[in-house]
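The chain below stands alone and is given as structure tokens, in the form predicted on its own.
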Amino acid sequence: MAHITVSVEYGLHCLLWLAESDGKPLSSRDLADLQGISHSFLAKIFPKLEKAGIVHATGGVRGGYLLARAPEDISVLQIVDAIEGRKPLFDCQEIRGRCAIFGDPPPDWATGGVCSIHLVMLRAEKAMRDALASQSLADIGQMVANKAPPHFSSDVEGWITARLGGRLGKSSTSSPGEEVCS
């Protein structure tokens, strides 16, 4: 978790929409269009989420992605790790042993045990991972619901219904998660 990128932000937003989709699969293209983000960029995120068991793909004209688990069973940490991979926050270079006044090899007191700077970073990483693990997709969804006006949910539902309805009558040779284009 060296740096949490925009991929995590995009993924979280998309998963929030899937949580509110009432079991209707949404393609990565639908989700990108709904939010005004890059189709191709988003299409790279969903295979990672699928591999982690956070979403699953359905095929066909009305195919797309669905959450694989209930939103309350998906932690933010699971999403971050799925998208970014589990990388350390800090990569200690063991500079402490390179001091110009040390001989070769450096003294044991200088290099023994965990580097003090690395220890601070390990504690920070643990605190961050614990905080992310304690929050679920449902928690974020509730925060959004508390902020949004009452009509927002029905406006989104209308957009999704119109979007999915526009697929009727089109033949499909698309992959799961991709909208059929004519």
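The numbering used is simple: start at 1 and walk along the sequence shown. By rigid core we mean the largest C-alpha set that fits within 1.5 Å across both forms. This structure is a prediction, so every number in the text was calculated from the model and none was measured.
The same protein has a further form, the form predicted together with a further copy of the same chain, not shown here; the description that follows concerns it.
Interface membership of residue 69, defined by any non-hydrogen atom within 4.5 Å of a further copy of the same chain in the model of the complex, is ruled out. a further copy of the same chain is not drawn, but in the model of the complex it has no heavy atom within 4.5 Å of residue 85.
Using a 4.5 Å cutoff between non-hydrogen atoms, residue 105 does not count as a contact of a further copy of the same chain in the model of the complex.
Although the partner is absent here, residue 61 sits far enough away that none of its heavy atoms falls within 4.5 Å of a further copy of the same chain in the model of the complex.
Checking 43, 132, 138, 52 against a further copy of the same chain in the model of the complex, a heavy atom within 4.5 Å turns up for just one residue: 132. If you take 88 to 106 and check each residue for a heavy atom within 4.5 Å of a further copy of the same chain in the model of the complex, you get 88, 89, 90, 91, 92, 93, 94, 95, 96, 98, 99, 100, 101, 102, in sequence order. Once the cores line up, the CA of residue 88 ends up less than 2 angstroms apart between this form and the one not shown.
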